[in-house]
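The chain below stands alone, shown as structure tokens; this is the form predicted alone.
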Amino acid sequence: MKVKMLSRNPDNYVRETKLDIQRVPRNYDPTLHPFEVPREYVRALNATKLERVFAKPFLASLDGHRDGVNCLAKHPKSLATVLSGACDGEVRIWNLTKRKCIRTIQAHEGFVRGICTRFCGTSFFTTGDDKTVKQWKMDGPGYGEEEEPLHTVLGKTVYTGIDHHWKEAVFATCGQQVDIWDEQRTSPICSMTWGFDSISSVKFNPIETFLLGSCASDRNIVLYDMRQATPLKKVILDMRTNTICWNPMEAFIFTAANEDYNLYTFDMRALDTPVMVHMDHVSAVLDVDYSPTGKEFVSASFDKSIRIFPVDKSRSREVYHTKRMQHVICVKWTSDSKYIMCGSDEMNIRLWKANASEKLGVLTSREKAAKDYNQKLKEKFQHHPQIKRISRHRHLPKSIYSQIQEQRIMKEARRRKEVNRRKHSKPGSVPIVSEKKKHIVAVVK
């Protein structure tokens, strides 16, 4: 005897709340849906338009500093804790969830040039114009105690940058040379230099932790190996590099923020050609920081805007600006990959969403499903002219917009001149140089 049973899952037809619309069963057989592609195109178009409507990336402004914000640092263990150093020597520790300053330290006389946290998160280091490197406890002083640094190291010259090793009790400073320090000693373990100019920034590699990169005002980017205590190789660019940032997922990749308005992503194994030249800023790029996923990075510029670039694209996918924001000096991507912080000239730290139209807060399962579906539709139809135009469109301040037009005219004039010169010269005497190789002067090993 055969017994046939009906088995139904109530999730397929019961509404989550009585305000929800009734679920309609759907047959996915493609022969029954001859107009599926046109329908999906309309849905993708609507999803793209709604994404631009809901793109409100600015979240909060942390004000309290009495001078321009010169450097930022993330806490390695706590997402809500951020440290900032200002041009008047003041260091503040912020709680992002409360959007309040929880501690203020008068750390240095003159600028705070660099700030970095220890890998365990118990203390942090600052360096300033008063030639000192100071180590501070992350927790504030107890009741009745004075605000005193744990250690103070007095150097011979001004230190312009500092970075801590990712696993050991070692940190590096830069100024006239790159110094590697043990936390317990008052003199450097080793000093490395290559060239005679001041070094503006030094960064430890997060994966191959014994590697360092630095950039100097003589247009060099130099790579060092801490185990050999020697420089490995350097690349000389057309103009000065302000800072570099290592990719947290790919050990050999780093991105350099340059004065010629571009960013260069290099593979340290082949420095003669950058992997990608990222062009969109219209003024010097002052800082760069990678997302924890290693897929994107954010750059801060003198043109009063910050831009988000995918690693493998030469153009930015997003540009953030406000009327009040002045020259952006430092930028950081939070460790959960959701937010971006930037510190600027006019004493504010701003908090932005990394994905401009993302909804904050808890999503229901249906909202998640709709979001994923819309995302897939946008990816499927991303090259259609209408959708491409809407998704790429951004409002820009007039100053940036006019500078972009001006640079376009200058670039076209240069290209025309080169074509004419090639046309009226002996064949092969004016070589074609790719955009990637144009800005590299030399690689020294």
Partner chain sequence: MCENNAEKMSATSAESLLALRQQEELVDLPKDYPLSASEDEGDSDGERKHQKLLEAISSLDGKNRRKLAERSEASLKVSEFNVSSEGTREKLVLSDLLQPIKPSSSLATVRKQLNRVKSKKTVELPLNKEEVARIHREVAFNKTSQALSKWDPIVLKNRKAEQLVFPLEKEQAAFAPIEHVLSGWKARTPLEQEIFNVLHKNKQPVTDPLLTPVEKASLKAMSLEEAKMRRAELQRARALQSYYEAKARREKKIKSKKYHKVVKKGKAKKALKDFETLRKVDPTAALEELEKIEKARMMERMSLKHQNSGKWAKSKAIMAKYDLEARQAMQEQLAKNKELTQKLQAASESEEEGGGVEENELLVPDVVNEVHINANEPNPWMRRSCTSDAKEVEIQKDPEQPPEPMAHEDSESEGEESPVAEEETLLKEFEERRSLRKRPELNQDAEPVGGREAQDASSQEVLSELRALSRKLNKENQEKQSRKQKGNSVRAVLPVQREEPAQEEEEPLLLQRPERVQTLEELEELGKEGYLQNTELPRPVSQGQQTERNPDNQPGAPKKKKRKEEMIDLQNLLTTKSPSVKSLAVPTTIEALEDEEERDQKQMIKEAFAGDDVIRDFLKEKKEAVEASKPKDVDLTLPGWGEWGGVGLQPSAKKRRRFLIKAPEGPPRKDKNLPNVIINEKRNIHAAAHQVHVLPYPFTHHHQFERTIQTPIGSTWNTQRAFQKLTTPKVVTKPGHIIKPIKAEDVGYRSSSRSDLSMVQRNPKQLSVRHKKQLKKNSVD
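Residue numbers count along the first chain shown, from 1. Superpose the two forms; the largest set of C-alphas matching within 1.5 Å is the rigid core. These numbers were taken from a predicted model, which means no experiment stands behind them.
Beyond the structure shown, there is the form predicted in complex with the partner chain, which is absent from this document and is the topic of what follows.
Enquirer: Tell me, yes or no, whether V37 is in contact with the partner chain in the predicted bound form, where a contact means a heavy atom of each within 4.5 Å.
Expert: Contact with the partner chain, yes.
Enquirer: Report yes if any heavy atom of K100 sits within 4.5 Å of a heavy atom of the partner chain in the predicted bound form; otherwise report no.
Expert: Heavy-atom contact with the partner chain at 4.5 Å: absent for K100.
Enquirer: At the 4.5 Å heavy atom threshold, is K445 in contact with the partner chain in the predicted bound form?
Expert: It does: once the partner chain is placed as it appears in the predicted bound form, K445 has a heavy atom within 4.5 Å of it.
Enquirer: Would you please decide whether D372 lies within 4.5 angstroms of the partner chain in the predicted bound form, comparing each non-hydrogen atom pair?
Expert: Judged by the heavy-atom cut-off of 4.5 Å, D372 is in contact with the partner chain in the predicted bound form.
Enquirer: Thinking of the partner chain in the predicted bound form, which stretch from 392 to 400, 59 to 67, 28 to 36, 407 to 415 has heavy atoms inside 4.5 Å of it?
Expert: It is 28 to 36 that comes within 4.5 Å of the partner.
Enquirer: Within 4.5 Å, heavy atoms only, which of E109, E346, E148, D182 is in contact with the partner chain in the predicted bound form?
Expert: None of the other options qualify; the answer is D182.
Enquirer: From the list T122, N95, N355, S337, which entry has a heavy atom within 4.5 Å of the partner chain in the predicted bound form?
Expert: For this set of options, the contacting one is S337.
Enquirer: Are there residues in 114 to 142 with a heavy atom within 4.5 Å of the partner chain in the predicted bound form, and which are they, in order?
Expert: Contacting residue: only G142.
Enquirer: On a rigid core superposition, would K437 pass a 2 Å threshold for CA movement between the shown form and the other one?
Expert: Comparing the forms between the shown form and the other one, which are aligned on their rigid core, K437 does not shift its C-alpha by 2 Å or more.
Enquirer: How about R422 - superposed on the rigid core, does its CA move between the shown form and the other one by 2 Å or more?
Expert: No: R422 shifts by under 2 Å between the shown form and the other one.
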